[in-house]
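Only one chain is given next, in structure tokens, and it is the form predicted alone.
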């Protein structure tokens, strides 16, 4: 099968692109940035506040997710220690 035929036969929702496990975390920063920009675009009254607000929201999302991951890791470690 040629490359063109393979691309034409690819159906995104039925045959998703397989990502290596190490690449999944690299998809988080662009997703968090998009969420921060869209959220701030609905909240900012002027364009001057959009960039600063988006960056602050992005940092809050990243730090919050990091703290959630750390808490989950600690709960897991304590559960292993107790068993």
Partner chain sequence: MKPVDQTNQMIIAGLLTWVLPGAGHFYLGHKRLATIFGLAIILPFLTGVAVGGVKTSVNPHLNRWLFLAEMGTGGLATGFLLLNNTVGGLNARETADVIRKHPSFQQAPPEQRRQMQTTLQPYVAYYPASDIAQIYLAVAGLLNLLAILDAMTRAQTGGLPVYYHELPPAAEGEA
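This structure is a prediction, so every number in the text was calculated from the model and none was measured. Numbering follows the first chain given and starts at 1.
Keep in mind that the form predicted in complex with its partner chain is not shown, yet the notes after this line are about it.
Taking non-hydrogen atoms only, residue 19 approaches its partner chain to within 4.5 angstroms in the predicted complex. Not displayed here, its partner chain is kept clear of residue 52 by more than 4.5 Å at the level of heavy atoms in the predicted complex. Taking non-hydrogen atoms only, residue 38 approaches its partner chain to within 4.5 angstroms in the predicted complex. At least one heavy atom of residue 34 is located within 4.5 Å of its partner chain in the predicted complex. Shown without its partner, the chain has 37, 38, 41, 42, 43, 44, 45, 47, 50 in segment 37-68 as residues with a non-hydrogen atom within 4.5 angstroms of its partner chain in the predicted complex.
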